[in-house]
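Form predicted alone, single chain, as structure tokens, below.
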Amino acid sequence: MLGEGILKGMAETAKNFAGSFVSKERLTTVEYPEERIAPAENARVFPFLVYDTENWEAGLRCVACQICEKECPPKCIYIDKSKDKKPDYVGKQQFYPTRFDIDISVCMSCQICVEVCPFEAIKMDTQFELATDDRFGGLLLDREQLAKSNEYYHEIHPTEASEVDARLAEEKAKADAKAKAAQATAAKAAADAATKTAAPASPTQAKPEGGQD
């Protein structure tokens, strides 16, 4: 029947319109900003940097590898790498970003920076209320503004964050096991070398000069 789809759509609209007066579930809008709809777990807006300790600066996972800066399509990430190294959140000596800025007025929320990061250091936020009257300074976020805790990451992306933590824990366990094995091998080699050095030389039988066997 010609126009059947239009009639069905109009009937559904009328049903929801009439039902919205008696059932809140029928409402398709909320009274924002007094009421808010929780964003979906896979929602993404702009990137943020994850840190793991109480101190955001000491706990940043970022090691300033600059892969995200190179891969960013609109080139809105700006990183300066440190000249020295310092312990990261697991105690390993690493480089760190002395500057990490993102111009969110240019960012296209493509998530490529997240996909290419080998250290699980940058993730996508769900915060969208970022309006400002400062076109340049207000939309250029530095590393302190970008830094958010792993607990916050678990709040907005619980499934993804749990998977990342499990993967990082597994990688750390493998690294620790490898380090222990290397230490054990080195200790055994040192012990063998010490034993060999301490062992007396075996005496050799001197042969008389010009004698025969």
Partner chain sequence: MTPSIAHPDRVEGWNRPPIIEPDGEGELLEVAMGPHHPSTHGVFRMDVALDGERVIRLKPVFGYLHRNHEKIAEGASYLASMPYTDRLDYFCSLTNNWAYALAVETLVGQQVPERAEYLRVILAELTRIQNHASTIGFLTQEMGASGTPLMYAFREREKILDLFEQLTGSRMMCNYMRFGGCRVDISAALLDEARKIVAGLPGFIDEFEALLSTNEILMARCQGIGKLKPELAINAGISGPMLRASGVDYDIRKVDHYGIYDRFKFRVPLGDHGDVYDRYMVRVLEMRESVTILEQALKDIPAGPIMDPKSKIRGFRPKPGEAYGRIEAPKGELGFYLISDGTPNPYRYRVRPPSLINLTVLEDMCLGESVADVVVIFGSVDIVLGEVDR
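Keep in mind that what you see is a predicted model, and the values were worked out from it rather than measured. Residue numbers count along the first chain shown, from 1. Think of the rigid core as the biggest set of C-alphas that the two forms share within 1.5 Å after superposition.
In what follows, reference is made to the form predicted in complex with the partner chain, a form of this protein that is not presented.
Participant: In the predicted bound form, do Gly9, Asn42 and Glu71 all put a heavy atom within 4.5 Å of the partner chain?
Facilitator: Yes, because Gly9, Asn42 and Glu71 each have a heavy atom that approaches the partner chain to within 4.5 Å in the predicted bound form.
Participant: Is Asp80 close to the partner chain in the predicted bound form, meaning a heavy atom pair under 4.5 Å apart or at it?
Facilitator: Contact with the partner chain, no.
Participant: With a 4.5 Å heavy atom cut-off, would you call Lys180 a contact of the partner chain in the predicted bound form?
Facilitator: Taking the distances in the predicted bound form, the answer for Lys180 is no, it never comes within 4.5 Å of the partner chain.
Participant: Hey, in the predicted bound form, does Ile122 get a heavy atom within 4.5 angstroms of the partner chain?
Facilitator: Close contact is absent here: in the predicted bound form, Ile122 is far from the partner chain, nothing within 4.5 Å, heavy atoms only.
Participant: Please run the contact check for Asp142 against the partner chain in the predicted bound form: heavy atoms, 4.5 angstroms, yes or no?
Facilitator: No - in the predicted bound form, heavy atoms of Asp142 and the partner chain never come within 4.5 Å of each other.
Participant: Between Lys188, Arg26, Arg36, Lys172, only one gets a heavy atom within 4.5 angstroms of the partner chain in the predicted bound form; which residue is that?
Facilitator: Contact with the partner chain in the predicted bound form is made by Arg26 alone.
Participant: Among Thr132, Gln111, Gln127, Thr98, which has at least one heavy atom within 4.5 Å of the partner chain in the predicted bound form?
Facilitator: Selected residue: Gln111.
Participant: Where, within 109-147, is there a heavy atom within 4.5 Å of the partner chain in the predicted bound form? Residue list please.
Facilitator: Those in contact are Cys110, Gln111, Ile112, Glu115, Val116, Cys117, Pro118.
Participant: State yes or no: after fitting on the rigid core, is the Cα displacement of Arg26 between the shown form and the other one at least 2 Å?
Facilitator: After core superposition, the displacement of the Arg26 C-alpha between the shown form and the other one reaches the 2 Å mark, so yes.
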